[in-house]
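Okay, here we've got a single chain as structure tokens, the form predicted on its own, with questions on binding and movement later.
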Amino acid sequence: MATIKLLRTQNFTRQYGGLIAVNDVNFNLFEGGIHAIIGPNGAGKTTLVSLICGRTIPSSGRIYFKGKDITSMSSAKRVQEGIVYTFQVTSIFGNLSCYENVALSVQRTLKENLKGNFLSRNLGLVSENEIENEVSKNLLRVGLEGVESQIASTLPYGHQKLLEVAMGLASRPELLILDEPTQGLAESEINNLIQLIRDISKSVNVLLIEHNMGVVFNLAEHVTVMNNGSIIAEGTPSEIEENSEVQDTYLGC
């Protein structure tokens, strides 16, 4: 396991009235590989990653990414910093083509990367060739080459999920958060997605929120278990499988 800390939360809490969704959580994510968060429904997993990506504001606590305090940073700014989140339910633009969906991410990313270059400021342009090359590269990476002109909503559900991953990769993340990526997929699609996530993790840090324990134990090097808004266990997949508290509260052993 890598020892360089990529992200950490300090006493992270999110409260909704009398409900504490995330309770004083100190979560650490290290560079390299795949880290999974598991737990029963209502454990606080999605709330925690919503706090990490900036879609939800903490009631108290701090968050640091690459040593930088990003607690007050907007979700859009966190994308620019390298934190990209894909949703449980796909957030693609269904009325646009697959090309246009990925191109939106590519164009935003290229423009941000060009900031500080006086020529780019004067011209304000990103070349169509650059966009086309990036779109093709990311569609190919997820196995969706050849569907550029297809309207996104007409894709099979599994391919829509892959399209959203392509959009995430087009943002050139340092941390890609995948929230329930196998939900609603057929077994063959899950097997293909496992290989894709493994390939992605060679160059991008992956944080995986997943109910399918076969997927988690197949992919993750490190697992965090949540229950009732708190972390109850952390360790390797084998350590988690053998943890009696995890067995009682989640794995049903």
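Numbering starts at 1 and follows the sequence shown. Bear in mind the structure is a predicted one, so any value in this text is a computation, not a measurement.
Separately, the form predicted in complex with adenosine-5'-triphosphate exists; it is not shown, and the next lines address it.
Can you say which of 41-49, 27-35, 187-195, 216-224 gets within 4.5 Å of adenosine-5'-triphosphate in the predicted bound form, counting heavy atoms only?
Correct option: 41-49.
Examine A21 and determine whether its closest non-hydrogen atom to adenosine-5'-triphosphate in the predicted bound form is within 4.5 angstroms.
So A21 counts as contacting adenosine-5'-triphosphate.
With the partner left out here, check for me: in the predicted bound form, does some heavy atom of E164 sit within 4.5 Å of adenosine-5'-triphosphate?
E164: no, not in contact with adenosine-5'-triphosphate in the predicted bound form.
According to a 4.5 angstroms non-hydrogen atom cut-off, is R55 in contact with adenosine-5'-triphosphate in the predicted bound form?
No, R55 sits far enough from adenosine-5'-triphosphate in the predicted bound form that none of its heavy atoms falls within 4.5 Å.
Spell out, yes or no, whether the shortest heavy atom distance between E134 and adenosine-5'-triphosphate in the predicted bound form is within 4.5 Å.
Judged by the heavy-atom cut-off of 4.5 Å, E134 is well away from adenosine-5'-triphosphate in the predicted bound form.
Pick out the residues of 154-182 whose heavy atoms come within 4.5 Å of adenosine-5'-triphosphate in the predicted bound form.
Contacting residue: only E180.
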